[in-house]
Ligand code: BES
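Only one chain comes next, encoded as structure tokens, the form predicted on its own.
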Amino acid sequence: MIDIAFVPAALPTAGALALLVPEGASLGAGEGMLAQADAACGGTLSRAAAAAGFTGKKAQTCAVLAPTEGLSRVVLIGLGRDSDHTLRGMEEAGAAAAVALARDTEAALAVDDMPASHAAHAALGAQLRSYRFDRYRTKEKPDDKPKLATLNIMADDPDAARAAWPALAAVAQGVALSRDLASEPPNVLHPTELAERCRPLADLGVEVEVLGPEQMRGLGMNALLAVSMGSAQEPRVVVMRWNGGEPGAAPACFVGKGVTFDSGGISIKPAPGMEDMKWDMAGAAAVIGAVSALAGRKARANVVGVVGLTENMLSGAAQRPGDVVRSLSGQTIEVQNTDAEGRLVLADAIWYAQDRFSPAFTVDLATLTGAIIVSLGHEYAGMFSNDDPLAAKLQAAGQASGEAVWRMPLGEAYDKLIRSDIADMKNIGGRPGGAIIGAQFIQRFVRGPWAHLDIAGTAWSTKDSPLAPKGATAWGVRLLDRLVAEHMEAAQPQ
């Protein structure tokens, strides 16, 4: 990750510089950094912008090389209209600057004439967008690698921006952790290894507890255990507790599906695209990243994260279509499709979390169904909830964080589709309404306010987005952080 420094707003005489330009602004007018830079460059910036048709529209850029003897590059970044000058807008502008300045070792970004919070969020955007997972690259040419190591954010009040930065930096660290986990290959990040990577959260003050297969068996987590039967890798359940709120106050509970590789089991998936199933643990990665972010910024809230970790593989010992398993709740499940395994993981993990911690509410995250991608594409995660206030809070947090959710229905008609002839329920109910049926299944193991987020369409991206390079997105980390900040910490006495 790049180093961030907040410095006074003063026009640099050397190096690379990025300038934020509101839509329709005249570069040579006024007394701000835009006017100073254009004057120092002898009007070159104004002329270059006119020649390139640069008007400051959102995400528009214009680069001018060597406009003075000292400045190696000046990049104009479009901020868009006044309505775009939000904290999210500043994050995207900072991200665009990081991309444009990637070939420079050290650069500056001017965020003058704006509140300190905007400068801090521009820095956050630069951090998020400059993420790379290159742990396994051994032959990449130096010229192909980004060089940006330090970004100086020039602000009118650098001290205030500097004070706002640690909390945002903790969120950036949580996002990076989540992306790292989801990007790892499945031969490296099996359930035991993923559980071990949760232990360093203790350095942030998180209580970390790892349950092995014997403990899980003793508790009766037979649904989760059944998923792992065909794998040589043992399953794990990790419990992470951050106690930053009032002692004894009911915690928020976040539960993540952590299938480190999903072959589909005996109901095997088609070969094309199966390599993507390494990120079937993205829900768990989001929960781990969110706990890291909350602990890193010392959130004034009690939060429990529970992740069920397993691998869904084929072997002579694998779970079969037609098997019946008794879940931790005591309810029995007829497994008609071994590729509908995530809901088995969540059934035991959610029941365990709610039974042990009596949370104020529970939110689970899972790459649960391809059906949600058919419904919503890659723009929204599907949200299912039994509680209107919780759903509204998640929708608001999604809008604020840029990790948007779209509420989907639940209903008795769907629930009837998972009735089994020989057990309490079956784990599939036909192709129509597949994402809803998955949520209906999970709801049978829920007590109290709950929301299920199906993130199959948002956890991984095949193209760059404003705040993330292609690959693992860490979708959910910022959403959960914002949910806690606005609806748990905001209610706490200062």
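One rule holds for the numbers: they count along the sequence shown, beginning at 1. Source: prediction; values computed, not measured.
Same protein, other form: the form predicted together with this ligand, not shown, and the subject of what follows.
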{"query": "4.5 Å heavy atom contact, Thr310 to this ligand in the predicted complex", "finding": "no"}
{"query": "Contact of Asp262 with this ligand in the predicted complex (heavy atom, 4.5 Å)", "finding": "yes"}
{"query": "Exercise: Trp279 in contact with this ligand in the predicted complex, heavy atom 4.5 Å", "finding": "yes"}
{"query": "4.5 angstroms heavy atom contact with this ligand in the predicted complex for Lys269", "finding": "yes"}
{"query": "Heavy atom contact within 4.5 Å of this ligand in the predicted complex, the stretch among 223-231, 82-90, 269-277, 243-251", "finding": "269-277"}
{"query": "Site test, Asp3, Leu101 and Gln127 vs this ligand in the predicted complex, non-hydrogen atom cutoff 4.5 Å", "finding": "no"}
{"query": "Candidate from Leu201, Val304, Ala371, Ala176 lying within 4.5 Å of this ligand in the predicted complex - any heavy atom", "finding": "Ala371"}
{"query": "Among the candidates Asp339, Glu209, Asp113, Glu106, the residue which, in the predicted complex, approaches this ligand to within 4.5 Å (heavy atoms)", "finding": "Asp339"}
{"query": "Sequence-ordered list of residues in 239-261 near this ligand in the predicted complex, where near means a heavy atom within 4.5 Å", "finding": "Lys257"}
